[in-house]
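Take a look at this single chain in C-alpha cells; it is the form predicted on its own.
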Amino acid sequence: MRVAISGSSGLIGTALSESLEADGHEVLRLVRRPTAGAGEIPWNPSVGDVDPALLEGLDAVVNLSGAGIGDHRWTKAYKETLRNSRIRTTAILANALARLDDPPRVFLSASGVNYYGMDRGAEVLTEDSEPGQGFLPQLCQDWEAATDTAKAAGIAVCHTRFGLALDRRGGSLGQMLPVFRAGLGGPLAGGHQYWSFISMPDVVAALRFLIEQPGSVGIYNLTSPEPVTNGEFTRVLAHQLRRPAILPVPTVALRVALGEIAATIAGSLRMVPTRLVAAGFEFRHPTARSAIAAALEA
C-alpha cells in the first residue's frame, strides 16, 4: 500500500508509520519543512498550499494534524491555533483529495473524545451518542465537517475519535509517569470520572484495520472496550510502578494550575468502541492493566 500521513511526527503518526514500513508498505509524510527525500510531501496549510499531483495514486490518507490540547493554557489566541491546526488543515487536505483523478480509497481523519462534551458522568457513549456543548465539542464537530468535500467526491471518510492513547514517551501517561515514579501520584479531581483510554499498539492496529478493511466508513471510537475511572487507573498505574498513590489532586488545584484545560481532566467520558468491535476488530489490551503494562514495556 501507499499511505500518506499528516502529523506523522507525533506519537500516533510515528507509531503508525513505523508499523506500516515494517510490513513493507510505502509511507509518504506530509511535512511543513523542506523535504528530505522521496518519502516526504511538502505542504503549507497556513497558506493553503499542497500540490494535489503528489497525492495521486494513494491507497489511503491519514490526517493526524492538530496542536496539542494540553500544551498551553487556552488563551483566545491558542484556541484559534487549536481550531486552525485542525479545521483548516483538514479542509485543505480534503479539498485536495476531492480534486484527484486517482483518489485514495479511504481518508482517515482524526477527531477527539471531547466530541461528546466535557462531562457525561457514567453515561455509556457510543458513536451514536449526541455531541456535547462548549468549545471542544464544537471544535470536534467542525473538525469532522471539514472532510465534507472528500465525502462528496466519493472517498470513504473515517472519523477516528481518539481516547487517551497510552505511551510512556508522551501524552497524558508520559506526563504522569515522573510524578508517579517519585511516589507523588494520586487520583485527580476525586477520581470518580471515567477515563477512556487505548494502548498505542491498539491505536495502530485499529488505524490499520480501518485502512485495510473494505467498507470502513463513518465514525469510530478509538478507545478500549473497558473504560475505568481515574481512581482505578491511578491504582493500576501505581501498582505496576510499585509506588504509592496517596496524594490526591483536588479539582480546585487543577483549575488553578491549568485553567480551562482542567475540565478535560476532571470531566467524565465513558466511551466504548461499538463500531470497531462490530466490524470484527480485536483489542490486544482491553483492560487498564494490560494497556498500562504494554506502555511501560514498550
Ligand SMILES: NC(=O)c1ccc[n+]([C@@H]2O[C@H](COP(=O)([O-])OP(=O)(O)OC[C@H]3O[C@@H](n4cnc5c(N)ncnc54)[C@H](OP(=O)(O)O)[C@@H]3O)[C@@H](O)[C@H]2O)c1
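All figures in this text were calculated on a predicted structure; none of them were measured in a lab. Each residue number is its position in the shown sequence, starting from 1.
The following text describes the form predicted in complex with this ligand, which does not appear among the structures shown.
J.: Out of 126-134, 85-93, 184-192, 213-221, where are the residues with a heavy atom within 4.5 Å of this ligand in the model of the complex?
T.: The contacting stretch here is 85-93.
J.: Under a 4.5 Å heavy atom criterion, is Phe180 part of the interface with this ligand in the model of the complex?
T.: Contact check for Phe180: no, nothing within 4.5 Å of this ligand in the model of the complex.
J.: According to a 4.5 angstroms non-hydrogen atom cut-off, is Leu64 in contact with this ligand in the model of the complex?
T.: It does: once this ligand is placed as it appears in the model of the complex, Leu64 has a heavy atom within 4.5 Å of it.
J.: With the partner left out of view, is Trp143 within 4.5 angstroms of this ligand in the model of the complex by any non-hydrogen atom?
T.: Yes - in the model of the complex, heavy atoms of Trp143 and this ligand come within 4.5 Å of each other.
J.: Trp74 near this ligand in the model of the complex, any heavy atom under 4.5 Å?
T.: So Trp74 does not count as contacting this ligand.
J.: Who in 135-165 is close to this ligand in the model of the complex, meaning a heavy atom within 4.5 Å?
T.: Result: Trp143, Phe162, Gly163, Leu164, Ala165.
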